[in-house]
Every structure is written in structure tokens, then in C-alpha cells.
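Shown below, as C-alpha cells, is a lone chain in the form predicted alone; questions about how it binds or moves come after it.
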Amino acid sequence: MKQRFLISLAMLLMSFASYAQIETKMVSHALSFLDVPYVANTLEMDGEEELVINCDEVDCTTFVEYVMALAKTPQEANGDISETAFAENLMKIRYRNGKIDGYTSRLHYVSDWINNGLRNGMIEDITAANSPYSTTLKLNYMTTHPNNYKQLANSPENVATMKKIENSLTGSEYHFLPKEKLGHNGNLWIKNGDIICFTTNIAGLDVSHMGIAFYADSKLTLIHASSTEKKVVVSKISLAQMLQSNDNVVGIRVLRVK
């Protein structure tokens, strides 16, 4: 019995050390992007879909993807990271089942992005275990606004495929934390380095913004690629204030990198 206890304790300590390392990596890599310009649509290229790596220009989603891929890529002996391993991790994060199969294999809806991350074991849904509030997905934004997307505007085939993806996600439920339930100092279960997704009431859409949780002077803020400030910043106000100031934001989903 004593031996089993010691083994369990060792495993627990290893698990804690692994989480602490990921937390530190997520925050440090996120902060390394400060002042990187915000540029939308850097993944929208002409021609066949391919893996785009552009850490010099980011939007809210690509910023989170690059930070997560960096955090998941071990350092080599010289302190650098393997470009190949980084690209492989980015593929797992950005594309359904880690494979590029045209424009629609990219995880455009954050709900789809989250489901993929849960399936491949790269993230866990912290909100599901800590908030009793849930809502039902209803997605159709991309197919009802095809002219907003280069690869949909002139491709009925891509629109039809995206419609199937929307239909497959519509009707599923997910947990979220209403913005009124988030205090200015955050919630105890939200940790540094967690991924914060802003759930929205915009018709046909699920998430309108993403960033990395960061406690500054005990206040929960957000490291994010800001379309307003046109660069990656640490928010000057608390996350709770950010949410309350935006009528289109309903609450948040919280994800933790594993």
C-alpha cells in the first residue's frame, strides 16, 4: 500500500510539474509576441491550401495557434526549437485531424477547432468542469456570408462542404462562463496561460475573439492580438471589463493546453 501511494504521489508531482511548465511556456511565448502587428487574413492565399507560418503578422486566432505550437514543441540541446516539430504541431492545431485537404480542412469555426484539440489530446475544456452554464450551437455565418471569404466567394463546392460542417456542429451543446459571472480578479480555476475564447451573440457565429489569460498584479487580463490597437498587447483593463464593454460578447470558454 505504501509503495502504491508513493507511485501515485510521484505521478501527481510529475503531472503538476508538466502543467507548470506548459503554463510558463504559454505565457512567455505569448509575451514574446508583444507589439507584433495585427494583420487579418494572413492565411487566405491564392491557389491550393498550404500551411502558412507567419509569426511577423498575426490575428487573434493565429496568435493563439503560434503560441500553443511553440509551447508544445520541445527545445533542442542548443535552446532552439525544431522547425519541423513546430510545423507538425501547428498542423495538428489548425487542421482537422492534422491533415491538409483543401480550404475546408482548416478549422474555421472555433468550436470545430476546440473539438479537434480535444480529440487529439492537445487541450482540455476547463469550462466544462467548472461552469454549469451551457448553450446550443447554431452555425451558419460563413455560408450566409460567403463573399467575406476569398475561398468561398467563387466556390459553390467549398460553400457546400462548409454547410455540411456547420450542420454537423449545429445542435451540439457546450459549457461557457457568462460574462456577468467573471470577477475583475478572475476565477480561481482560470490559470495563467489558459486560452480564453469570447462566445458571441452574433447570429450564426460561435466565438468572436481569442487570447491568453494573464494575471497582472493579481488582475486577470488578456494577452491578445488586438484589431483596435493593431498589435499584440496585454490588455490595460481586466478581462471582465473587456467582456462587459462589448455587447456582442456573451461569455467565455476556457481551454488549457496539455
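In this text, residue numbers run from 1 along the sequence as written. Remember, it's a predicted structure, so these values are computed and weren't measured experimentally.
Below, we refer to the form predicted in complex with a small molecule, which is not included among the displayed structures.
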- Query: Out of 229-237, 185-193, 22-30, 204-212, where are the residues with a heavy atom within 4.5 Å of the small molecule in the predicted complex?
  - Reply: 204-212
- Message: With a cut-off of 4.5 Å between heavy atoms, is residue 142 one of the residues that contacts the small molecule in the predicted complex?
- Response: yes
- Message: Is residue 174 part of the interface with the small molecule in the predicted complex - any heavy atom within 4.5 Å?
- Response: no
- Item | the small molecule contact at residue 93 in the predicted complex, heavy atom, 4.5 Å | no
- Message: Just checking whether residue 60 would be counted as a contact of the small molecule in the predicted complex - the rule being heavy atoms within 4.5 angstroms.
- Response: yes
- Partner-free chain; cross-checking the small molecule in the predicted complex, the single residue of 72, 179, 163, 106 with a heavy atom within 4.5 Å is 106
